[in-house]
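Just one chain is shown here, as structure tokens, and it is the form predicted alone.
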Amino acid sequence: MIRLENVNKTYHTMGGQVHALKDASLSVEAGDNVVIIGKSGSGKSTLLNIITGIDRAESGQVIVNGSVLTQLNESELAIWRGKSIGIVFQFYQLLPTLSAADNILFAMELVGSIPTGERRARAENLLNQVGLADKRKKYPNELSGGEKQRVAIARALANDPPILVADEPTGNLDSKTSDQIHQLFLDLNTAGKTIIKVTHENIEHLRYNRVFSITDGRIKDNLAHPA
């Protein structure tokens, strides 16, 4: 499902070069529930950006859901991303002028893979799936942090992608709400989605079947923890 081979990424800053990824390699199978851990600045977010095609590797091979990302141009990447991968951001990134349902509808309209006549019902079904059926008309500023994150997850599922990635999805939530979000990811994985979560928090209470650690841009494949 996902394979990175000897991927390198360097950022050029005012302070000099930052080697975000160094000969990074990993392999994720379809249906895996993956956690990526590492300290702030270790390269976790860069790794996700490479996997999702938001950023480009300088060298190495990146293959995700059957596509070689290094061979796609920007237009092709955008089409691939819309159909192949759902992204959940730490700070939600919901459109403030759209309701919860309309945020999800907008994601469908951008990609166009869901028939027009099915979109409204699908948006409401996704909100029901994340426990927010009664919030469909609410705007982001009317929602709690946990509710915003659940809307963001529903939006990431809008076009039924096989892969869901999340960058610190519970970083701004209290422990009870965090547990609810982690359970939601577990339910989605049980339903067949490949899940990749990046976190810097303690993972002892999480359930997953693969864990990678990243330090100074280098990835280590740790032994799996039974889900």
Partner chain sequence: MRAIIKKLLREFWVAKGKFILCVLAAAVSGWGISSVTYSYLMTERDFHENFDATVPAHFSITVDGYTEAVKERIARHESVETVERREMLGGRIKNNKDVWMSLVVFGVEDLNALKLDQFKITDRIASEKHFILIEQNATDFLEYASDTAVLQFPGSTETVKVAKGGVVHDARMAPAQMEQVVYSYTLITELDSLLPAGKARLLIKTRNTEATREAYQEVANRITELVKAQGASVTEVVIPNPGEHMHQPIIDGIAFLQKSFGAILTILGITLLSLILLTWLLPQLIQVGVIKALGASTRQIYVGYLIVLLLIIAVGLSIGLPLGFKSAALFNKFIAFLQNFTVIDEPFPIYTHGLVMLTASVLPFLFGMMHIRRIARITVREALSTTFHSSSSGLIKYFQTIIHTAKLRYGMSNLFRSGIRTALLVALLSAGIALFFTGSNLSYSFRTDFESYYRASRYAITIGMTDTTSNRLAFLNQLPSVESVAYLRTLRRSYTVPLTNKIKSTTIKQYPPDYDMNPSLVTEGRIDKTCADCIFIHPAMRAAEFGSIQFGDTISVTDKEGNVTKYRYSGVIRDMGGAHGGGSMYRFMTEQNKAFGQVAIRLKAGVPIPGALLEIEKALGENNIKYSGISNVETLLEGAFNHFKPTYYLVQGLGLFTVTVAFLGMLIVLNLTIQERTLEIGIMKALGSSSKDIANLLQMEFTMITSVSILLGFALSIFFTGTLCELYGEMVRGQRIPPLNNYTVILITISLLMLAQLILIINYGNKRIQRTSNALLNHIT
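Computed from a predicted structure; not experimentally measured. Numbering follows the first chain given and starts at 1.
If you look for the form predicted in complex with the partner chain, you will not find it shown, but the lines that follow are about it.
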Assert contact_stretch over 43-51, 25-33, 61-69, 183-191 against the partner chain in the predicted complex, heavy atom within 4.5 Å, equals 43-51
Check for me: heavy atom within 4.5 Å of the partner chain in the predicted complex, for each of V111, R120 and E142, yes or no. yes
Considering only heavy atoms, tell me if G146 and the partner chain come within 4.5 Å of each other in the predicted complex. no
The partner chain contact at I87 in the predicted complex, heavy atom, 4.5 Å: yes
Does any part of R81 reach within 4.5 Å of the partner chain in the predicted complex? Heavy atoms only, please. yes
At the 4.5 Å heavy atom threshold, is L95 in contact with the partner chain in the predicted complex? yes
